[in-house]
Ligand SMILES: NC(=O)c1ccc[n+]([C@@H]2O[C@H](COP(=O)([O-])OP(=O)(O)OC[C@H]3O[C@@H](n4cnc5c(N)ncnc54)[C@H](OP(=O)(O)O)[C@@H]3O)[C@@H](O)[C@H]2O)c1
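To begin, one chain is listed below as structure tokens, in the form predicted on its own.
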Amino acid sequence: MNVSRQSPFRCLVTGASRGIGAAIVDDLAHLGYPIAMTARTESDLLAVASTLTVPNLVIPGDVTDPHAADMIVQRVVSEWNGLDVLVINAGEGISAPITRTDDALWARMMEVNLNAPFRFIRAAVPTMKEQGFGRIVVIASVASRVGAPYISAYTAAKHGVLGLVRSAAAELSSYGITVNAVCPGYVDTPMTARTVDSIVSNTGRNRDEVLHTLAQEQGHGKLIQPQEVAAAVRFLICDQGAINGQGITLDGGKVQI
């Protein structure tokens, strides 16, 4: 079975329109890889695409739509006759005490953070198996490894997606496919900015104080930069296959499991 492929890799990135996703797109583009991008807002995707000099596809879609993964993956395979790299970045975090985590919030966290990654992996695997090569990277979270107050639904989903990564990796390694996760702490993105806004609104605390508190959640006392996550993704997709079923934690060394 062939377990290597010559570059350029044909890539698909979900949640590609901003934050970590946009940084991953930029990083992969600098390697000369063709990139397909999906997110809900077409105008945001087009803005990212306008910065690229590599072949690219803009495919708007909502990853929580049960049919989206099949549609998007099929479009990429049809346009480029294959798919080598799948980066599953789309996600969402909403905080609430467990007593106020209703069924709708629980279901939403599972849908976007666990069900959607499962569907994208399931959709991509047949093509990657046929090729004898594939690299799948899920952007998980340090919440995949440890619990924290007020994010029970998000943490459960992220623990689940790391389990999905490990099981898929064990199943697919003989086909030349690796499946790994990157597990960052708080990243300097619009999602973290929304978290700060929520804390300020609910507590009346000073915004700078809240930012400092979140920065201290990382071992080195700083927010993770999106480019650091992108660099970890690049490392995993360029690996020859020995790194598989792993969750690479990016949090300055605070969580060491």
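A residue's number is simply how far along the shown sequence it sits, counting from 1. Bear in mind the structure is a predicted one, so any value in this text is a computation, not a measurement.
Another form exists, predicted in complex with the named molecule; not displayed. Remarks below refer to it.
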query: Contact assignment for the named molecule in the predicted complex, among Thr41, Thr213, Thr51, Asn206, heavy atom within 4.5 Å; finding: Thr41
query: Segment that reaches the named molecule in the predicted complex - one of 167-175, 84-92, 145-153, 129-137, heavy atoms within 4.5 Å; finding: 84-92
query: Three-residue site Asp26, Asn56 and Val233 fully in contact with the named molecule in the predicted complex at 4.5 Å by heavy atom; finding: no
query: Close approach of Gly61 to the named molecule in the predicted complex, 4.5 Å, heavy atom; finding: yes
query: Proximity of Asn180 to the named molecule in the predicted complex, heavy atoms at 4.5 Å; finding: no
query: Contact test in the predicted complex: Leu31 vs the named molecule, heavy atoms, 4.5 Å; finding: no
query: Thr249: touches the named molecule in the predicted complex, heavy atom cutoff 4.5 angstroms; finding: no
query: Partner contacts in the predicted complex for 154-193 (non-hydrogen atom within 4.5 angstroms of the named molecule); finding: Tyr154, Lys158, Pro184, Gly185, Tyr186, Val187, Thr189, Pro190, Met191, Thr192
